[in-house]
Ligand SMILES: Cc1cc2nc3c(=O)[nH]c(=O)nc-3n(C[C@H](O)[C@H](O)[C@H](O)COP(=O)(O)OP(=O)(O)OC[C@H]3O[C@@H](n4cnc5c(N)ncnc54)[C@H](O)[C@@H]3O)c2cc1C
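For reference, the chain that follows is the form predicted on its own, supplied as structure tokens.
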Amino acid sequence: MAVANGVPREYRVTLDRVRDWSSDTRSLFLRLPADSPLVFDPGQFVSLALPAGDRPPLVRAYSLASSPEDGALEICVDRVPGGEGSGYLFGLLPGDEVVLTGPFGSFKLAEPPPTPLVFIAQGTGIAPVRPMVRRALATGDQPIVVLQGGNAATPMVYAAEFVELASANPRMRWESVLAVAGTAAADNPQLERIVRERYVEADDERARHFWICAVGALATRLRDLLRGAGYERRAVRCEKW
């Protein structure tokens, strides 16, 4: 972590550009000062101090969807109805500045283990998984599976990139797992079924490592399912939004 006198370092960053995935989901690309690089591991997050709310600054955490090697920091933001933080971020224009602090978080992948890797994400939970997969492809030779869940309310962000990565790397498999119509945006019973059938019931192999990121109870249900089936606690990492 970048720190100064024991305190995480602050950065004043500039919004460089925006990519809209849907009317309620967008990526913000934040440009760091040229003389102040942010050193982080894939999967970590930063905290943004936003001049919004009744008692500004309003502090909100966002996972970094970019890799440490990328030139700009990328965060993926969902608009929350009535949300002061996401409302403020959706109102930013290129050239506007934001103060962030970090990096933070133990949900990361600095050096991939040599075992098969499984990444499971629902909605924009795919954001921290993206740089993890890139790192694993660049530094290892183990099999990689990415299960990306979504539904009508959660667009498949980065899906085209994952398709290209899987096409170029035979050891990687990417699958989209769409929830049935009417399922809440933060849930995906289809994703749970696949994880249970494939990684719990299909065999007794328990050497795999998992990274799970989703909103709400889905993340912890998947974590508890896998740990309860005999996977080591440290082999099942979970980030709950």
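Numbers follow the displayed sequence, beginning with 1. Quantities reported herein were computed from a predicted structural model and do not represent experimental measurements.
Unshown form predicted in complex with the ligand; subsequent notes refer to it.
Taking the partner from the other structure, the ligand in the predicted bound form has no heavy atom within 4.5 Å of any heavy atom of Asp141. Contact check for Pro155: every heavy atom lies farther than 4.5 Å from the ligand in the predicted bound form.
For the chain shown alone, Gln148 is not a contact residue for the ligand in the predicted bound form, no non-hydrogen atom being within 4.5 angstroms. Of the heavy atoms in Arg60, some are within 4.5 Å of the ligand in the predicted bound form.
None of Glu97, Glu111, Glu84, Glu164 but one reaches within 4.5 angstroms of the ligand in the predicted bound form through a heavy atom, and that residue is Glu84. In summary, the region of this chain contacting the ligand in the predicted bound form, judged by heavy atoms within 4.5 Å and restricted to 111 to 119, 130 to 138, 70 to 78, 165 to 173, corresponds to 70 to 78. Residue Phe45 is the only one in 20 to 53 with at least one heavy atom within 4.5 Å of the ligand in the predicted bound form.
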